[in-house]
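Okay, here we've got a single chain as structure tokens, the form predicted alone, with questions on binding and movement later.
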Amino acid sequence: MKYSISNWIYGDEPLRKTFERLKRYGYDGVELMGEPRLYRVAEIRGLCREFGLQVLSIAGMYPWPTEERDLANPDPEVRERAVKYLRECVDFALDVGAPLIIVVPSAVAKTSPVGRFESEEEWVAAAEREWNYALESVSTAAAYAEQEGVLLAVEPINRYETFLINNVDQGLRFVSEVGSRAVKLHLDTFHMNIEERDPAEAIHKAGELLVNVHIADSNRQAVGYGHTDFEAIMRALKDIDYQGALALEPLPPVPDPYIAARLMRYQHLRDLYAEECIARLRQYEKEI
């Protein structure tokens, strides 16, 4: 397995500093925040050569509220802009040599379909419509990704952060209904801790469709700071012959992850978490 860190957890930290940390603790690469216009491709390529690292994935960003990145939105113009964003991410992935982009089909922090509903039936009907809108959007983006040789990895997010796809079963259904060779599955141990009865079983269900994994403990902090059974998770990954990356996403103990990423008072945890996470996961990998 390969190890990386998703750089969005470091806020606006300069890339060189992030790459220095990754090299220092023995990581194989980086997962870059999906904001293509924030980067200079030449700088990324140069840093990869200098530090012997790869860009292993692109973390698509889908904040709510948004008029640009909601693939499930009832407004066709919003969906069109969201698909355009994914195409830009595909181009960016090609430029930096990343094999995949993480896709959340409904914006993060959007916990209900768009609109006001007077009954359960109306809510359910609206949710089903947004599911179908998301299918259409991801299918359109997948056609472009497939011709460029880039994968789209659908991520289930816990129910407190989005409503459309929360668990592995819903993720597998969505991937199946899109029906593209370019659309696979991404899982996140923090979200699985909330939504899955058994995260290791969820990994077995995902099987060969699993192409990327985010790692954080049950409290979204570093490996070993919560109660997640990482030994069982690493064993399940070995069982399915997982060949993708483990992208670390540990955050300090602050409710809003995007604020947590920017707080100066917790910057000392960046090195500590990076060192501890990879050491503990590699130890589990040796023992199984």
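Numbering starts at 1 and runs along the sequence shown. All values derive from a computational prediction rather than experimental measurement.
As for the form predicted together with L-Erythrulose (LER), it is not shown, yet the points below apply to it.
Mapping the unseen interface onto this chain, residue 39 falls outside it, with no heavy atom inside 4.5 Å of L-Erythrulose (LER) in the model of the complex. When L-Erythrulose (LER) is considered in the model of the complex, residue 191 lines it closely, a heavy atom lying within 4.5 Å. Contact check for residue 108: a non-hydrogen atom falls within 4.5 Å of L-Erythrulose (LER) in the model of the complex.
Though the partner is left out of this view, residue 64 does not reach within 4.5 Å of L-Erythrulose (LER) in the model of the complex, counting heavy atoms only.
Proximity of 220, 249 and 257 to L-Erythrulose (LER) in the model of the complex is complete: all three residues have a non-hydrogen atom within 4.5 angstroms. Partner contacts here mean any heavy atom within 4.5 Å of L-Erythrulose (LER) in the model of the complex, and among 156 to 164, 115 to 123, 141 to 149, 67 to 75 they occur only in 156 to 164.
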